[in-house]
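Given as structure tokens, the chain that follows is alone and in the form predicted on its own.
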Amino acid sequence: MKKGQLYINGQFREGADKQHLEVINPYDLEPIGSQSVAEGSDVRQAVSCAAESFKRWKKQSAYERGALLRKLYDLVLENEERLAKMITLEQGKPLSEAIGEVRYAASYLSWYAEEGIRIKGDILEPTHKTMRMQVIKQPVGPVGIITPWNFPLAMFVRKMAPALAAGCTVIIKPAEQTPLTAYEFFRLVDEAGFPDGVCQLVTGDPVEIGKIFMEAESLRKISFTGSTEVGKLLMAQSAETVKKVSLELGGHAPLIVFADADLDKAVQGTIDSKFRNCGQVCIATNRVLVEKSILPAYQEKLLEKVASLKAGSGFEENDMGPVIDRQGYEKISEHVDDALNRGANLLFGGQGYRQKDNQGGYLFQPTVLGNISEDMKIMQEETFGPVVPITAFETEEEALRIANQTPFGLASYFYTENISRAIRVSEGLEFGMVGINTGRISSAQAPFGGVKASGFGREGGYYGIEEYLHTKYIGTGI
């Protein structure tokens, strides 16, 4: 049984009250280990240490910080199998996907090891000959990072890497369901040799930890991925200390298939976007809009692909693992039942089931629903499960109206072979990210983030490091 610890000021240790939370395998609901719980005093100590170490870390050169990030990158790749197995154990996704997540996380360490040395300011043309005008970029300060369970490694590394490269210190608070992946990663952080207090790990009650983070004057930024409801709460709380906040919140991604699309590409893109991680992905397709004239052909090709998908243990040859918990399972079931009760057609799947003999974790069949209308819950809310709801449209304008008719604006996808339409639709979609003829859009060098109720701020590329910098103007009389 794995026993994870906190990592505070360069030391692994138990929480002040020696409490632990049990970590459960979502496939069979068996315990796989436990993780130390940080009490309030532990979290406050981590905040204090982050503030103290920031004074020294920000003075390190970008080359020195980059060397440590590169060392950590090498260690992650050397230990990718161990990290991936822990991801599968505590989150449930297939091992092949878990390995992909480790490599994706590592790509941010590699990218920001280099991006840190490209931070630059400006020399401005002065108003007067006795004036010199300079703009520099400096790290915002200590950062609190709060992440969910669906990508228990990549979510926080994507935030942590640019923060460290910019000269910020970080405190990571991972989800209660998946703390051991973070613990395993921090063993590598410790081995890489980051100075004490630069990188810290606290786990436990999200409400208590979040409250301490938000109240701490010395914590100058919060980067959060999670629900829109919690994001709004953090925004309100940030006003008290005027913290900088980045929020990557809920999504409700449309995937539009136009009549001129390559149908094989469109179907594969639907599979790639929808069924990865059992649909538990913030940028997963949630609504499929198909031009009416090609609807039968699209559905036929999609159903053929979906019928081959298998759900089960992530350590076996399966395409999907379990739903993370009963609450997630019940939401998926509710959306499917609501759609069927309102007149949707069940084209494939539609049933959830327990891992074995009505015991163990929750699995859900890959599911396809037809004849979807806009009043159904599945068209209004993020399902976070392996369900494809399909609705028809007749014009480009109608497709854009349906796609944009949501408070969310994270990711969107569409398929067309018409270059003029590609430009019109990509500019007309009210989303932070658009995939044209692809269902996979995430990359270390690209900006990741949304608009509207999906939050603000970007992760990835030079856009991501800007989130951890502030701009200072220096005017000098000579």
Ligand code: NAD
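Throughout, we count residues from 1 along the sequence that is shown. A quick note: this is a predicted structure, and the numbers were derived from the prediction, not measured.
What follows is about the form predicted together with the ligand, which we do not show.
Undergrad: Just to confirm the contact call: exactly one of 266 to 274, 163 to 171, 205 to 213, 288 to 296 touches the ligand in the predicted complex at a 4.5 Å heavy atom cutoff, so which is it?
TA: Looking at the partner contacts, the answer comes out as 205 to 213.
Undergrad: Decide if the three candidate residues 46, 54 and 243 all line the ligand in the predicted complex, where lining means a heavy atom within 4.5 Å.
TA: Spot residues vs the ligand: no contact at all.
Undergrad: Please check if residue 90 has a heavy atom lying within 4.5 Å of any heavy atom of the ligand in the predicted complex.
TA: It does not: once the ligand is placed as it appears in the predicted complex, residue 90 has no heavy atom within 4.5 Å of it.
Undergrad: Taking the ligand as it sits in the predicted complex, is residue 385 in contact with it (heavy atom to heavy atom, 4.5 Å or less)?
TA: Result no; residue 385 lies far from the ligand in the predicted complex.
Undergrad: Would you please decide whether residue 176 lies within 4.5 angstroms of the ligand in the predicted complex, comparing each non-hydrogen atom pair?
TA: Looking in the predicted complex, residue contacts with the ligand include residue 176, since a heavy atom lies within 4.5 Å.
Undergrad: Tell me, yes or no, whether residue 189 is in contact with the ligand in the predicted complex, where a contact means a heavy atom of each within 4.5 Å.
TA: The answer is no: residue 189 has no heavy atom within 4.5 Å of the ligand.
Undergrad: Please tell me which of 108, 224, 185, 362 lies within 4.5 Å of the ligand in the predicted complex, judged by heavy atoms.
TA: Of 108, 224, 185, 362, the residue with a heavy atom within 4.5 Å of the ligand in the predicted complex is 224.
Undergrad: Only one of 332, 311, 146, 376 gets a heavy atom within 4.5 Å of the ligand in the predicted complex. Which one?
TA: Going through each option in turn, the one that passes is 146.
Undergrad: Which residues from 419 to 452 come close to the ligand in the predicted complex, meaning a heavy atom within 4.5 Å?
TA: Going through 419 to 452 in order - heavy atoms within 4.5 Å of the ligand in the predicted complex - there is one hit, 448.
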